[in-house]
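Below you will find one chain, with nothing else, as structure tokens; this is the form predicted alone, and questions on how it binds or moves follow later.
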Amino acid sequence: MTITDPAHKSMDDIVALCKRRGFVFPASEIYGGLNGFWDYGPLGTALKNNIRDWWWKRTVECPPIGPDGEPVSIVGLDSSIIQNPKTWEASGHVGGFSDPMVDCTESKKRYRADQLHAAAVITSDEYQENHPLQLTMVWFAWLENDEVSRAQAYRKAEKFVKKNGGKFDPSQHASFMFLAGADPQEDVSIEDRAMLLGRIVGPDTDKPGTLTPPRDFNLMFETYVGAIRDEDAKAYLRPETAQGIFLNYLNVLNTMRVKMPFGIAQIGKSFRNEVTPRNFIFRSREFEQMEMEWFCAPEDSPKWYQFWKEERMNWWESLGISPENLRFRDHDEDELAHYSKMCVDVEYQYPFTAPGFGELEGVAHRGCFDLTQHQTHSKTKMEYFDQERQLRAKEAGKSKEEIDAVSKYIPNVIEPASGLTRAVLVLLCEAYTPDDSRPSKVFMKFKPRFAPIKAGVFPLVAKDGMPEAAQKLYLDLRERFAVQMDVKQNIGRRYARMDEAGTPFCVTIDGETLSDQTVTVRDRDSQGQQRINISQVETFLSEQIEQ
């Protein structure tokens, strides 16, 4: 049986395969690892690079066709990870880039308050009479999108009911932000908030009242530049690549033949001191982003927001992701970042969220916030002079004030921002395909273009001239494709290894090859085999992989 439904895929099995086959390893594993950091093995690095190169190809080298039928204009950038600290003051990260955090005084663990949820037990009369807080409910908390944590909370709730009486109703849910008094929308007194907080049993303890009220926790990693460690030398590892683009907006305008509208794209590492990194590489402290800032005239921004929304969904589908596993989700007003006019997420149905969805990419309308902030803080003008609009306004007989208004402006920005490392996770989840019909019991169904290894080249046995013929073919193919030659173990085991690596084709040289120059080509997905002339292998792979 072949399983493709994300809800029936096991993250534990996917993580195990990633370790076994060299996709992803825990960072510094021999020293016990470091939570929130991961190393990408040989196959994971190749997969990541293939995704990266495809994004760059379709964004910078061969950008999409715009609404006017012409290719849009996008240039590339690679900015420094460490910028002048004033950058992050202007962007709002120093003062506002924080998450509400909760500590457990018993387990000493820390959680993001907005990711904690709780289910209620309506306590028995006898328990209420004997408890000093006169509780009518006890709440059992778990981490969002963590089914193990939720199951533990439910087990604790059921155990509590068995011991103390009452009733457990899983439908009685509340967010920790509400229970702890961090939700200003709810009209609940401070006294009642304190009592509610005292009734919550944390994810890693068995008694209520161990969780602290939420406190802001800045997510930026601090470092120091130079020999002296003082406040004047303090700097930050960037939490996003976007600000490096905004800082270079004028440099690009002054050095490249670009005019409005245009984009600046960047791929690079970012760092966020996540308190609760989780779900494998879904949320980690060091990650890579693929971001593009699209600069346009303010009145054109709604058109471009819709354009990039659709283009980004098309790009994710081009990776071979099933459309049924992707969706858009518009942000509610209370979710929007302070700079954002509107934002939509491209979401994916991960195994750990199924049947729900989780964030994959955000497409945000940032308005003119960033350039305006940097203009204010740096005293550098970020206005764009639009000569074409000036000429059209003059031809229309507009007044000088009207001409100036349309020809000088700070551009609005549309930002499609996605995580490269999260894209790796999505392709790993999408490709993972349990299949009881094959020896490996699983294969990685990557679209051939993105597979880390495009073909395996195998001599059937290590004698009779077969290794020599295989090596000649391998040396010819490696000039164009990522191929691997393997002469060890029986052919079935070699196929099984290639299935787990996601290799779409295996080419076997056997006894017939030396007499009639034909080879066997095995297809990963169907396990079907066909014989073709050895001289046609390169053309065959080209047609199958580059489509």
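Sequential numbering from 1, following the sequence displayed. Since the model is a prediction, treat every value here as computed from it, not as a measurement.
There is another form of the same protein, the form predicted together with a small molecule; it is not shown, and what comes next is about it.
Interface residue remark: Y305 is not counted as part of the site for the small molecule in the model of the complex, having no heavy atom within 4.5 Å. None of the heavy atoms of N325 is located within 4.5 Å of the small molecule in the model of the complex.
The small molecule is not drawn, but in the model of the complex it has a heavy atom within 4.5 Å of A242. At the 4.5 Å threshold, heavy atoms of F282 reach the small molecule in the model of the complex. Among K445, R238, H365, R422, the residue placing a heavy atom within 4.5 Å of the small molecule in the model of the complex is R422. Interface residue among S301, Q289, S91, Q349 relative to the small molecule in the model of the complex, by the heavy atom within 4.5 Å criterion: Q289.
Comparing 386-394, 271-279, 430-438, 466-474 against the small molecule in the model of the complex, the single stretch with non-hydrogen atoms within 4.5 angstroms of it is 271-279.
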